[in-house]
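Heads up, the chain below is alone and in the form predicted on its own; it's given as structure tokens.
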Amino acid sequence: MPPAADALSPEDALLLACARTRLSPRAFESIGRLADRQPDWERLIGAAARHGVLPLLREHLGDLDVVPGPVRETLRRLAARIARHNLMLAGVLLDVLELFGREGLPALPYKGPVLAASVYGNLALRPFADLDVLVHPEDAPRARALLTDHGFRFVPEASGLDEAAAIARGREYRFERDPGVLLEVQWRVVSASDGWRKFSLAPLWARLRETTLARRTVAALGPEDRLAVLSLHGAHNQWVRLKWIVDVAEVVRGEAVGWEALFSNAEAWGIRRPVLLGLALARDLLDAPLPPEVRARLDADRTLPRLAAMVRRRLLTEPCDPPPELPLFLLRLRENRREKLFFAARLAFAPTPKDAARLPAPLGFLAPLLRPFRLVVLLVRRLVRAPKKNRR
């Protein structure tokens, strides 16, 4: 169920009301009434910045007379800074895609500038801190060599793994260039240790579409695959940032989604519940319009309300930090006992590159045994550091 309006603080109510690209006349009037209550503007702006929706706040509050002039100026200045950064990163992305294209290396930019331009309709309305480009796993070494030859600095993980093992276990290579330019070349949306064993990017490559970015044609996901990928990404971060839910809501509002294809793919990949959760959050928090058959699917899943409540509790009351209950949250996303056991076993025993890095190379075979002890230590540390209200 959506949070009751009277249960929200003025700041949270205004934040959710502005977290969309387009407003109906009724929504615009509601925002005016909320702004007229003079919320804690500093708290509101801070929350919008953390959640990645500050440009949307500026879009809908920047011309309202009831908003104090200094607040409007602050919103204008911060949004302009985001727009400049986005434009700079979009230029870098186009250069990288051109480089890969010349070398015959297929690449798919699936978040960042392409998401902002194609889903939000405006490069400046969706902040992004880095660039994400998908490549085929077998092309990852060549992508790494090309980028390092063209001014990017490879940021290695302290894993001690050779390249083949790093590609088999990991999901990305990270690069830096100049201040503020971060690039992730990925061959998985989530890492192999996350346990979504049926999810494969191969079908996505076979049905790519085209979109326009700064008057250039680039590859893009269709709305069904985009929703699947965004939902999986958001779920693996427990949706701690509002912008990820806005992404889903804007796809639903602005694109012709083939719902049967979406759910057929989600069933085949074993990610039906992450997709349902993304849609439920977009509907309940941001009024995303869903057809009756999709609403019926949401209502039929009795686990969704509990998962959505976990998200809302942190989203509206907590900082945007990795939640300590994330493993339990991810376990509940699985829909049958076999997948739950598989995920628990992967979590407990499948070593990550960081686990391997803690041992000398000759002892790397002991990493699966080290993993459970490291998880216990991490859990104890999180419980000790967690605020008291989280331990009640």
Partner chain sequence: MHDYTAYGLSIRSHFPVPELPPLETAPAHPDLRLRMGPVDVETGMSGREQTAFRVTDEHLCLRFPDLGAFLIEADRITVDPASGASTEAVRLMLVGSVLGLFLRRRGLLTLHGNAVASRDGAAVFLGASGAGKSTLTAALHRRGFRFMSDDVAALDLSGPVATLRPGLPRLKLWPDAAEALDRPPGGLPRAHPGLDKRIHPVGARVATRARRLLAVYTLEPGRAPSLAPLAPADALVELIRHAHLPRSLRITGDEARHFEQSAALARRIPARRLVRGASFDQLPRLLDLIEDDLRHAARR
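Residue numbers count along the first chain shown, from 1. Just so you know, these numbers come straight off a predicted model, no measurement behind them.
We do not show the form predicted in complex with its partner chain, though everything after this point is about it.
Triple contact flag 137, 203 and 221 to its partner chain in the model of the complex, non-hydrogen atom at 4.5 angstroms: Result no, not one residue of the spot touches its partner chain.
I need the one stretch from 67-75, 278-286, 305-313, 81-89 whose residues put non-hydrogen atoms within 4.5 angstroms of its partner chain in the model of the complex. Heavy-atom contact with the partner occurs in 81-89.
Quick check on this chain: which one of 189, 166, 146, 123 has a heavy atom within 4.5 Å of its partner chain in the model of the complex? Selected residue: 123.
Of 197, 177, 142, 295, which one comes within 4.5 Å of its partner chain in the model of the complex, counting heavy atoms only? Contact residue from the list: 177.
Heavy atom of residue 207 within 4.5 Å of its partner chain in the model of the complex: Flag for residue 207 set to no.
Answer yes if any heavy atom of residue 253 is within 4.5 Å of a heavy atom of its partner chain in the model of the complex; otherwise answer no. Result no; residue 253 lies far from its partner chain in the model of the complex.
Heavy atom of residue 95 within 4.5 Å of its partner chain in the model of the complex: Close contact exists here: in the model of the complex, residue 95 approaches its partner chain to within 4.5 Å, heavy atoms only.
Are any of the heavy atoms in residue 214 no more than 4.5 Å from a heavy atom of its partner chain in the model of the complex? Because a heavy atom of residue 214 falls inside 4.5 Å of its partner chain in the model of the complex, the answer is yes.
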